[in-house]
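What follows is one chain in C-alpha cells, specifically the form predicted alone.
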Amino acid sequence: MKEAIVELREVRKSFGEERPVEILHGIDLRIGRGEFVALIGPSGSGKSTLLNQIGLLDRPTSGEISLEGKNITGLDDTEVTRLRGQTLGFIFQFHHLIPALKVAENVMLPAAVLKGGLDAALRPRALELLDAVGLKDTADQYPRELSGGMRQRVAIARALMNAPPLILADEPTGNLDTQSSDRVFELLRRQHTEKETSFLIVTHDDSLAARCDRVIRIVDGSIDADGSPSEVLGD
C-alpha cells in the first residue's frame, strides 16, 4: 500500500450555530502518494465541502485530517497556511487569475506567498512551467489577452509552481470546449506520470472520471462508492 498523502478519519462538518446542519457525516478517506483520483457526486452531495477540508481551507467540526503524515489538529492558522502552500496546488473551474498581473506573475504567486512577495528570482521557474503547458510566449501578456483554455493552462502552471505533492482540481475542464478540455486533462496526466504528483479531481463528467485510476462517489455527505472506474461507474 502506498504512503498516504492525505488521510481523513471520521471527519464531520456542520454549518450554523443555533441549529447546525451536518454536511459531512464521518468521512474516512485515504489517498496514496501518486494516485490519480476522481471525486464525483450529485450537486449538494458535499463534494465542495469535502474538497475544502482536504485543501485545509476549512476546519472539520470533528475528526482528524493528516497531510503528508502531519495531523493538522492543533496547528494554528499560520502553520496551516504554510503547510497548505508547501503541499497543495489548486486548480478551479474558473481560473481565478489576477487581471492586473501578467501571466508569469500569476504563475509565480504561490511561491510569492511563501516568500512574502514577488521576486525576480522566481521568474525562471514560472517560464519553465509556462513552457511545459505550451504558453511560454505569453509570459508578459495579461490574462484578458488569452482564450479560456489558455487561461486554464496558466492556472495549471500556477498550481505546479511550488512542486506540490498533491493537486486538488475542482471541475478543471467544466468551463472548456471538448478540445481544450482534452488538452488540459492530458497536461494533468503528464504531470502525474512524470512527477508522480497526486491528483484529486472533482468532476460532474463521468467520461472524465472514467479516465482516472480511482473514482470516489459521495452522496448526501457520505462516501457511497470507492474503487476503479468500472466498479463505480460500470462498464
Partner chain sequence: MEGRTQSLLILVGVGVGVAAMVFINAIMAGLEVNLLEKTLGAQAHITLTAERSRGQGIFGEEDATYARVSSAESNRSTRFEGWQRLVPRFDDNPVFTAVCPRLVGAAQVRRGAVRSGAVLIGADAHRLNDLTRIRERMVAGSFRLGSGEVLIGDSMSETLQARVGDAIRIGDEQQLVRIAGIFDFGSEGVDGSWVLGSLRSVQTLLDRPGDISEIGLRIDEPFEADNVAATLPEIPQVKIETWTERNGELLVALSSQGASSLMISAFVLLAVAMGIASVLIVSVVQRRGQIGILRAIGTPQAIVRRVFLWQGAMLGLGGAMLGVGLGTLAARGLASVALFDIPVTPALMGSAAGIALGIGLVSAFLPARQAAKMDPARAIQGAG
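Residue numbers count along the first chain shown, from 1. On a predicted model such as this, the values are computed, not experimentally measured, just so you know.
The form predicted in complex with the partner chain exists for this protein as well; it is not shown, and the discussion that follows is about that form.
Contact with the partner chain, judged by heavy atoms within 4.5 Å in the predicted bound form, is confined among 118-126, 146-154, 75-83, 132-140 to 75-83. Within this chain, Pro164 is remote from the site of the partner chain in the predicted bound form, having no heavy atom within 4.5 Å.
Residue contact check for Asp170: one or more of its heavy atoms lie within 4.5 Å of the partner chain in the predicted bound form. Contact between Leu160 and the partner chain in the predicted bound form is not found at the 4.5 Å heavy atom cutoff. Interface residue remark: Ser181 is not counted as part of the site for the partner chain in the predicted bound form, having no heavy atom within 4.5 Å.
The candidate spot formed by Ser207, Ala210 and Ile223 lies out of contact with the partner chain in the predicted bound form, as no residue has a heavy atom within 4.5 Å of it.
Shown without its partner, this chain lists Thr61, Asn52, Gln191, Ser45 as candidates; in the predicted bound form, only Asn52 has a non-hydrogen atom within 4.5 angstroms of the partner chain.
Contacts to the partner chain in the predicted bound form (heavy atom within 4.5 Å) from stretch 106-136: Leu109, Pro110, Val113.
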